[in-house]
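The chain below stands alone and is given in structure tokens; this is the form predicted alone.
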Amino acid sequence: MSHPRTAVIGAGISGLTTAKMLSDYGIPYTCYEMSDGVGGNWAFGTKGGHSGAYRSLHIDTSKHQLSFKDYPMPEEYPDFPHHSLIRQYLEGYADAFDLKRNIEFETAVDEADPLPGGGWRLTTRDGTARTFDALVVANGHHWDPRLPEFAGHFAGDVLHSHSYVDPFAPLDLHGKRILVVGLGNSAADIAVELSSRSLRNTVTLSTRSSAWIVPKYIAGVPADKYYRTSPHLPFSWQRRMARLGPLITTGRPERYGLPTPDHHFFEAHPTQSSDLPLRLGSGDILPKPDVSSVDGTTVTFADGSSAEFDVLLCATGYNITFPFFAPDVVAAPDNRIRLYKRIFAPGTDDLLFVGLAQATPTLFPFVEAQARLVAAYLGGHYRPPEPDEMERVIDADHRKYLGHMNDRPRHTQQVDYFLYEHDLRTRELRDGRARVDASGPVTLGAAQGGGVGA
């Protein structure tokens, strides 16, 4: 059996792990990366990339949860590495497995078009077109900023957290009246940084849904080392038990002046910050509810209060978009896309996705698990079920992972890594192998005997 020639879009963590697994299975591939280096969102400062890292960013997941299984993070790394160390780690990963030889850097894919007989034609920005038997989409989902829509018009500067670098760039944020909108990890980090008294700013933090705040350390140990769900207990029981966590470690958000959350713990993403409660409690950050309207430089909040601001800094998440697909080929309206095991589009055998999920507590081993399944599939060792069964399982997994979550665009791709990985390792790979034994592997392009021309 010959292997399908495969294209991978993106050389961030999803594209790199896919490339590594494809190499392990001897599957020929080309990886397209629009920037001049690997790392994707963690490649701060690369030419032509979409990194959303800011200069002071340290990862919120500890290295103990972050390491790839086949390439451990260096022991000398701190518990919460700076983004420069994460990029260094990914560079080391690419070098260790000789992945860069198949990556075409500074090569953006402008169009990905399905061919009538199967396969894909990819057209890059310089007009070059090539065809492949299979396409793996690994372009990430933290690069297309989503801005809130408020009644009225704001006359000051508007900035999304994706563009924020530091208090000097892209705006001079000294002596300013700043409103940070959002209460995720980026909002907390940036609000804390800008509220330093040395910058002479006044910083207000506005939140619509509020959030449960969890510390980075508990008893001197990274807090996420205590987090591990079990596939042997009902997930709902584990979520209920987990609700005690923030009450014991940080307390209710109202104690810091934040609005009451409109959800229980783990029904939306918690915010991991040890500094935000202190800054709120010290009066360095003023908490406010949702914005109700803007008029010039005046912002009115849901509690009826209003204030003047120079800068509106929105840490309000991202849209899931695929700029290389025509809308009638692949789209994710309201950040919703139906994928079997967050990988397979039912009815389209030659299109796969890696990394298109919000995995708790860690994304790195999650994409590694996905990439392993993708490589097994393209190598002929795994076969997914028929499309109608895929659709049934998509609905079941939606109830399992999302049924309890706040219905927001931010939470449409939520999965629990430990439950997901256990399912792939103990059941999905086994069942997929049994389907290969019964019906043979799925044949794509060259594997069918002819393939598509280069």
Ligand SMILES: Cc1cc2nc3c(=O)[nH]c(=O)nc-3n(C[C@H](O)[C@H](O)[C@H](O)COP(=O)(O)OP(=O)(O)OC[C@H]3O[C@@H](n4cnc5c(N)ncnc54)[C@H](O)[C@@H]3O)c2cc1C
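Counting begins at 1, following the sequence as shown. Since we're looking at a predicted model, the values are computed, not measured.
The following text describes the form predicted together with this ligand, which does not appear among the structures shown.
- Proximity to this ligand in the predicted bound form holds for all of Ile9, Ile13 and Ser186, with the criterion being a heavy atom within 4.5 Å.
- Within this chain, Met34 lines the site of this ligand in the predicted bound form, having a heavy atom no more than 4.5 Å away.
- Remark: Ala138 counts among the residues lining this ligand in the predicted bound form, judged by a heavy atom distance of 4.5 Å or less.
- Contact annotation for Tyr54: at least one heavy atom lies within 4.5 Å of this ligand in the predicted bound form.
- Of the heavy atoms in Tyr217, none are within 4.5 Å of this ligand in the predicted bound form.
- Only one of the listed residues (Tyr29, Tyr401, Tyr417, Trp42) places a non-hydrogen atom within 4.5 angstroms of this ligand in the predicted bound form, and that residue is Trp42.
- A heavy atom within 4.5 Å of this ligand in the predicted bound form is found for exactly one of Thr362, Thr271, Asn201, Ser210: Thr362.
- Looking at 297-305, 275-283, 234-242, 317-325, the stretch with residues near this ligand in the predicted bound form, meaning non-hydrogen atoms within 4.5 angstroms, turns out to be 317-325.
- Within 4.5 angstroms of this ligand in the predicted bound form, the stretch 326-341 places no non-hydrogen atom at all.
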